[in-house]
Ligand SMILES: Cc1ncc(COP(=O)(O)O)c(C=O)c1O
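Presented below, as structure tokens, is a lone chain in the form predicted on its own.
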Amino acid sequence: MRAVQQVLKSGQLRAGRIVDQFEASFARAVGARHAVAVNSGTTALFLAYRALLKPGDEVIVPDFTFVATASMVVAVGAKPVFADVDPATFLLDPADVERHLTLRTRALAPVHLYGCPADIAGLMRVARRYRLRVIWDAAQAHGAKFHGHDVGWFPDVVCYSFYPSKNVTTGEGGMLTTSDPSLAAEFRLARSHGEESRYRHVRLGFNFRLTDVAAALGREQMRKLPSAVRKRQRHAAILTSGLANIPGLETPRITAGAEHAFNVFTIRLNPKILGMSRAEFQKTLAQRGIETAVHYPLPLHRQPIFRGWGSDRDFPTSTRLAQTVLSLPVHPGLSERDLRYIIRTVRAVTEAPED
């Protein structure tokens, strides 16, 4: 609050020195050479696709993700091609990616869903084999790592969101990270009307800038991120242990070699074994003071905007996940007492005795 107040008092509210500082701190934190701040995670995806794709190009996108990962492909005139996800991790399956490649495929758009890194090694092997670019959607993965490297370190481009529900927030905002200076330069031009110098516009651009007010908030959030992620991981470990061995309930699994940032803690339910629907389970928890959420209730092929782009038979895993996933609280503000209450309540609802 003090950091934001200082910007307000300065009268310099637009993108300026504080945005520069935020970008520098973010790049250092993830190990990338460049970080470019923009006004939303959706904007970050749009600029990344716009820089790396041409109209008619195809991009492989997981069928189970938030709509922006695919809709921004459409926004730049390219075509998202959906692939199914791994049933254990819910993340883009490299084997299914290969089944959907065509002569028009130019890129992959894996998502580090819920804060869990995708199979980066497997997906990079596919990308190298077929000479594809990779645009990583890390909207939920601030602080996540793969084999010791932050997910923002990997090529070609990594896109983040700073929406209020993320591990780092600026209210609204986004970031692109890359170690390619030409891409970073393109992003900087495109986010500000293609302006090379004051009132000199060298290409089509937009007003996608982040403000110094938002950057001040983000800069302070970055200082707290390592501690916040450790708390999320500790909370997830307590929940995983406490909810083990409940028939009809599966706790999150993590990609081999990955360090999950636990933006959300998403379980998977089997209604037949539980003897109740997900909606009934959710309602019972809500009556006992536990807020939950479904991320996400529709796979992409079922979204009205993508009607006719595939069937449940084409994407069996993502179809089942959309019907059975449920996110429990895991945020840093929880106390150990809160976590124990969540565990006791879930076990009581499922009639599973405590270990």
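In this text, residue numbers run from 1 along the sequence as written. All of these numbers come straight from a predicted model, not from anything done at the bench.
One more form of this protein should be noted, the form predicted together with the ligand, which is absent from this view; the next part is about it.
- The ligand in the predicted bound form comes within 4.5 Å of no heavy atom belonging to P299.
- In the predicted bound form, at least one heavy atom of K166 sits within 4.5 Å of a heavy atom of the ligand.
- Contact check for L53: every heavy atom lies farther than 4.5 Å from the ligand in the predicted bound form.
- Contact check for V111: a heavy atom falls within 4.5 Å of the ligand in the predicted bound form.
- Partner contacts here mean any heavy atom within 4.5 Å of the ligand in the predicted bound form, and among 181 to 189, 94 to 102, 138 to 146, 276 to 284 they occur only in 138 to 146.
- Annotation for 37 to 59: interface residues with the ligand in the predicted bound form are S40, G41, T42, L45 [heavy atom within 4.5 Å].
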